[in-house]
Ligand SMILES: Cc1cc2nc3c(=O)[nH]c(=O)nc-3n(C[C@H](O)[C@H](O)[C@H](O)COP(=O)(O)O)c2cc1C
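To begin, one chain is listed below as structure tokens, in the form predicted on its own.
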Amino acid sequence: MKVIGLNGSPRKNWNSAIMLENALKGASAAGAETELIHLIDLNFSGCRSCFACKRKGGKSFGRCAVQDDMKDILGRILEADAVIISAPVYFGDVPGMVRNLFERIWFPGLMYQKDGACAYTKKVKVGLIYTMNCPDEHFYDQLISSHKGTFERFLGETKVVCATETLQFDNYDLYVGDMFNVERRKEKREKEFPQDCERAFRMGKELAE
């Protein structure tokens, strides 16, 4: 059992990364081999609309043809048993590098056929972790539901864990941010964020089982 974790936050040791690490610990506890990749370390783009993945008889049929840092990782994702992607929500959506990743996974699997056929023949379980500044994840229900449905179409069973009203800084005195209830956020970080991490751990374990 191989589980790949992709951190879609530009920060390697904060909310999204911490929850992803807990999810990978859960997968490891179930006996899986795990790997952690930080997208910020990679040089890659989104889909370039070259359509090489759809060319009949082409050498890249059903696979992304773009030659960059994501090329090898895409192959490893499709060979894995599960992939877990963590991302913060910025301005109502995931960061650009995460959207680029999504496009590179989804588009090669899409075949323009009436029967909705997918180019991928192997199922890969998916875990999606979202961390966000807003106090209620239901604000992003449509976004998350769209991501979940698309991954289930192209890869396989998809589970979701969200953490809301996350702590943004260690010390709010150093930054402009008087719109936030800092004490509330600190309390939530202390009492609720560990529960979010536990939910991520359970998700990782379930995906590996």
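Numbering starts at 1 and follows the sequence shown. What you are looking at is a predicted structure, and each value in this text was computed from that prediction instead of being measured.
Another form exists, predicted in complex with this ligand; not displayed. Remarks below refer to it.
Annotated contacts: S9, N15 and V89 all touch this ligand in the predicted bound form [non-hydrogen atom within 4.5 angstroms]. Per the 4.5 Å heavy atom criterion, this ligand in the predicted bound form is contacted by stretch 125 to 133, the sole one of 109 to 117, 96 to 104, 74 to 82, 125 to 133. None of T150, Q168, S60, S28 but one reaches within 4.5 angstroms of this ligand in the predicted bound form through a heavy atom, and that residue is Q168. Under a 4.5 angstroms non-hydrogen atom cutoff, this ligand in the predicted bound form lacks F154 among its neighbouring residues.
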